[in-house]
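The chain below stands alone, shown as structure tokens; this is the form predicted alone.
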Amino acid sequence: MLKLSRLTDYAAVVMAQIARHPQASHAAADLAEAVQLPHPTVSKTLKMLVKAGLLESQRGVQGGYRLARPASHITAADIIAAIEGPVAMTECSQAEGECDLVATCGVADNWQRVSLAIRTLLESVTLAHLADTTPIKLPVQLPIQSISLATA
């Protein structure tokens, strides 16, 4: 089964909670309570999101966590990459990926197209979309046929 880790799911939940109140600074304990997750898990997630540049943290009485940029400029792909690393279906689908079978496998180009289509879709979904309670309208057809691997 292809699925995101729980930590990535939690990261999206925490980021959406912050995005719903972008002017406020959010303490880790308050976020944990708001989203009903364990405080240590939320703290770990917040640290990873800060390290990835998606959140900013400020210490002190008025401190807390805030979005590093507007929710409309943070994508689902950004959140996934912050926790799991680059979005790719196979090792050879990553820019720096290596594979011993690349000369003989015969499917690398197509896996790269699939990875690129998934990445393109995830890059089109913003944190603002995720934070909104309105269902996201996804494209009917992915641009997989028009993908040029040379320019991607």
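Since this is a predicted model, take the numbers as computed values, not measurements. Residues carry their position along the shown sequence, with the first being 1.
What follows is about the form predicted together with the DNA, which we do not show.
TODO: Give a yes or no on whether every one of K47, V50 and R59 sits within 4.5 angstroms of the DNA in the predicted complex by heavy atom.
DONE: Yes, the whole trio is in contact, each within 4.5 Å by some heavy atom.
Open item on the list: At 4.5 Å between heavy atoms, is A28 in contact with the DNA in the predicted complex?
Closed with: Yes.
Open item on the list: I'd like to know if S124 sits close to the DNA in the predicted complex, meaning any non-hydrogen atom pair within 4.5 angstroms.
Closed with: No, no contact at 4.5 Å.
- [ ] Tell me, yes or no, whether T90 is in contact with the DNA in the predicted complex, where a contact means a heavy atom of each within 4.5 Å.
- [x] No - in the predicted complex, heavy atoms of T90 and the DNA never come within 4.5 Å of each other.
Open item on the list: Taking the DNA as it sits in the predicted complex, is T120 in contact with it (heavy atom to heavy atom, 4.5 Å or less)?
Closed with: Heavy-atom contact with the DNA at 4.5 Å: absent for T120.
Open item on the list: Just to confirm, with a 4.5 Å cut-off on non-hydrogen atoms, which of G63, P70, G106, G85 contacts the DNA in the predicted complex?
Closed with: Of the listed residues, the single hit is G63.
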